[in-house]
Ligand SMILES: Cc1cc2nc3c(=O)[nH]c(=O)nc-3n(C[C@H](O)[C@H](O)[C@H](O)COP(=O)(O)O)c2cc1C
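First comes one chain, alone, set out as structure tokens in the form predicted on its own.
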């Protein structure tokens, strides 16, 4: 199977024309031995390379690039398949974009195509290469801060452990901070359901009948409010609770129940964020929307959880604009090196900015992910990089600290 791969990277050092000649020759000799063909463009700072060949071999060559001393900030732009090679006669051809007008580069690209190859205008790989040659890629691409400039230091003062819960509790809750790293504060705490033994929440639902499912989901939130009360409050942070959207529709007086429980445990609606999950489809949207209006009228903030991984996505966002939108970890994972994910998140940021919606990046696990997301304009983060969920309490937060300040 013929595999195609396009990536962009930044040169670690300034390169002379002689350096480029050496790079082209070395790459061509290696690739010809491996059965890989393609082109490499260079604009003075960045490379854009197209590789084609057997899938396993292309991946091996790409791994060499990622581990090379020459390249850093390597971002995958495209991985695809094709029926035939575009550059069959070239193990590697380097085109120096900075030394030639755009028209010459485009002409040169067509000149090195496999004889008889006619690329359609919507050929993705060739459009990416042409955009690089024209410099248009800079309009929608960015580099994050160097993650090596940062270390993460735990703050034990942020940890709080509640008294042990009652053994009769139908479920327990773990709290995970959502942090504003620029301001150095905990914005909110998400209450994540756990089984009575501290395990997955799925075990809480497995024994339930369909008729009990949404009632249990709603009533379980009282245990989250109880946890906060037993801890003596959560300072200036807000409490985020998850709710299946149909729990607001199928359970009679669901809104009244939530408001009653909030008040009973010493909270105010303004201190609560209701996260609507995308784990199930929403029917009777008019009833769902009425419930949301009632919650908002009492001061409860609303969020869409796991955006991008559930049933509704953009359809839900078009009909219901929340205060916060949480980008799912499947989109965040590895974003610093993934062009498609970067494009999607930048589009989400632009959309939410236009609508006045605050974004939270979920599932952030590495300094590289955090660095790119922060540079892209996101302020709130949640994930193991900062703190793992803590059962019956608030964990210590790992805050980013410039390496220079730790010496």
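Heads up, when I say rigid core I mean the largest set of C-alphas that superpose within 1.5 Å between the two forms. None of the values given here were measured: they were computed from a predicted structure. Positions refer to the first chain, counted from 1.
The following text describes the form predicted together with the named molecule, which does not appear among the structures shown.
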field: Interface residue in the predicted bound form among 373, 348, 380, 51, criterion: non-hydrogen atom within 4.5 angstroms of the named molecule
entry: 51
is_contact(residue 75, the named molecule) in the predicted bound form, heavy atom dist at most 4.5 Å: no
query: Is residue 265 close enough to the named molecule in the predicted bound form to count, meaning some heavy atom within 4.5 Å?
result: no
Residue 230, heavy atom within 4.5 angstroms of the named molecule in the predicted bound form: no
message: My question is simply whether residue 238 lines the interface with the named molecule in the predicted bound form - judged by any non-hydrogen atom within 4.5 Å.
response: no
- request: Look at the candidate spot formed by 40, 68 and 92 and say whether the named molecule comes within 4.5 Å of a heavy atom in all three of them in the predicted bound form.
  value: yes
- prompt: Looking at 335-343, 352-360, 30-38, 365-373, which lies within 4.5 angstroms of the named molecule in the predicted bound form, counting heavy atoms?
  reply: 30-38
- request: For residue 15, decide whether the Cα shift between this form and the one not shown is 2 Å or greater, given a superposition on the rigid core.
  value: yes
